[in-house]
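A single chain, nothing else alongside it, follows as structure tokens in the form predicted alone.
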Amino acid sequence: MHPTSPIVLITGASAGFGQATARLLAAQGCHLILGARRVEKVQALADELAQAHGVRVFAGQVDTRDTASVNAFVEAGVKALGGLNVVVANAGLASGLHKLWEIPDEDLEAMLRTNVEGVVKTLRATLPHVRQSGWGHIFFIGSTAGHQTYEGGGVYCASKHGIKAMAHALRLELCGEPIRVTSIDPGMAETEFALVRLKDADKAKSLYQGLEALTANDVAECIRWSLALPEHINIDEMIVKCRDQASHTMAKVNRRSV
């Protein structure tokens, strides 16, 4: 049975999709367990949302690459709020635009450990609590990069193809249980993503010049809508792009002169 006010755990909640999802779901009356490496940002968000919407919000520091960190965060959040229904495994990143033979260990490990290992560790820690609650919904944050590859993105694309594979596998493994599994796969979205990847504000801004990209709020709305659907409906996979992006990559993008 869908609870009136689900308890939702979100990783990577200090910015971007995670923060936008926290804001939108708090406005819907959801209680929140928010985690990020930048704990001061996520704590400020928690305080703001609790005051604005009267929901219970737990904020904690978590590095999804570290098993002990994930386990401690999940246990503390569940203990504080008394349960767990929904998981948004949002923490992820892209680092650099290297050819496969050029990528340094730092970027290779950052993407695979965060985007793949971090999701596994998050789900491994949260699923027992979701099962115990008797109702749940698991959200993966994939990408159109999980459906097609591009030069300079081999490792990032591999990590997002991995997200797609894990989402499909978990959907099979949980079939028959009252837990839905959804992968939200955005295309071009203007968040901190490009800045983290390129480490150059001007280059990051130029990626979206002349087009109307998705926003973090758009992706959050996809999560809210999927969560609000009747119980028998499971959105397995949602590919969402802005109107100006016709291909999974940037091969077909409409840019207006500015």
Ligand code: NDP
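Numbers follow the displayed sequence, beginning with 1. Owing to the predicted nature of the structure, the values given are computational and were not obtained by experimental measurement.
The same protein has a further form, the form predicted in complex with the ligand, not shown here; the description that follows concerns it.
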Would all three of R23, R56 and N85 be in contact with the ligand in the predicted complex, where contact means some heavy atom lies within 4.5 Å? no
Is I138 close enough to touch the ligand in the predicted complex, meaning at least one heavy atom pair within 4.5 Å? no
4.5 Å heavy atom contact, R38 and the ligand in the predicted complex: yes
Look up in the predicted complex whether C242 has a non-hydrogen atom within 4.5 angstroms of the ligand, and give yes or no. no
May I ask you to check whether A15 falls inside a 4.5 Å heavy atom distance of the ligand in the predicted complex? yes
Please identify, from 60-68, 24-32, 47-55, 221-229, the stretch that has a heavy atom within 4.5 Å of the ligand in the predicted complex. 60-68
In the predicted complex, residues of 172-189 near the ligand [heavy atom within 4.5 Å]: P186, G187, M188, A189
